[in-house]
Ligand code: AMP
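The chain below stands alone, shown as structure tokens; this is the form predicted alone.
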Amino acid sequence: MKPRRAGETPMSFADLHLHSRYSDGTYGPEELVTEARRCGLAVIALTDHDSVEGCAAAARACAAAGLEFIPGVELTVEVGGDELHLLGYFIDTQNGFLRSRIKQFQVARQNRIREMVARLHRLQVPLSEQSVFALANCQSPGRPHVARALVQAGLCRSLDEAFERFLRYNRPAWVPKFKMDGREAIELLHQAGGVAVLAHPGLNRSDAVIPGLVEAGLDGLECFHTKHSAATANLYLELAARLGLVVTGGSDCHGLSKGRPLIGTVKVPCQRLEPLRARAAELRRAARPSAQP
């Protein structure tokens, strides 16, 4: 029998999909750890969009709280014309090539914000670009920050109104995201020692591309997610078993920006993490040494 890790019990749980204020969440890394303890979690992963900035603080807070921490990231990719998200787990956050590519993604995000504000100005909506960046206070700003800035400036009454009037797909201030090729993203995560997992496949309606991603090196599926029903989770558990993929899951918590905090609403038994850890160990052995930024 394998020895238990610190913080684990026979019925301990993990939440492997969490966001902090370093992307589009509202909790700082330390607050996430406090919430994780409150929820009775033993393991958490921080998976901010195009950012690993919060991982060091989260790791320190987890160590102090007796939780296991898994460093992660979430990347936006395009496969067959569809937008998908890839989660990377156990990544080397100091990997020079990963950090340089993430910096490029962050610049693209910042330019996207500038274009959204410019489109709002053409609609006679006087939102200050500086107010969005000040509110975001991170290197990976996104649409939720624009929505929150619109509400704070009194230009919209709610986040829902901001998205419905201006920011949703095909609304007048919507700007497409920068998306990297799926195969390239998998290679990027692998060279940083990370396990590449397809996020919330039940929301993507893109099951047809999964076999191609597996051929490109995809390691796992996020079978458990806040918006996956039990039937959906079972469907992807069966698919993961058939394709030889690891299984992950998480709440996709963004703090208080989307209503009540979701952390802990999806609890993955820690016993399910062993294949993920084993795959990470394989990839670390195969990964190139970290390049200098």
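All residue numbers refer to positions in the sequence shown, first residue = 1. Quantities reported herein were computed from a predicted structural model and do not represent experimental measurements.
Separately, the form predicted in complex with this ligand exists; it is not shown, and the next lines address it.
Within 4.5 Å of this ligand in the model of the complex, a heavy atom is found for every one of Asp24, Phe163 and Arg168.
Among residues of the shown chain, Pro144 is one whose heavy atoms approach this ligand to within 4.5 Å in the model of the complex. Put simply, Arg119 is far from this ligand in the model of the complex: not one heavy atom of it is within 4.5 Å.
This ligand is not shown here, but in the model of the complex it comes within 4.5 Å of a heavy atom of Arg109.
In the model of the complex, none of the heavy atoms of His228 sits within 4.5 Å of a heavy atom of this ligand. With the partner left out here, this ligand still marks one of 93-101, 136-144, 212-220, 184-192 in the model of the complex; by a 4.5 Å heavy atom cut-off that stretch is 136-144.
Along 35-51, a non-hydrogen atom within 4.5 Å of this ligand in the model of the complex is carried only by His49.
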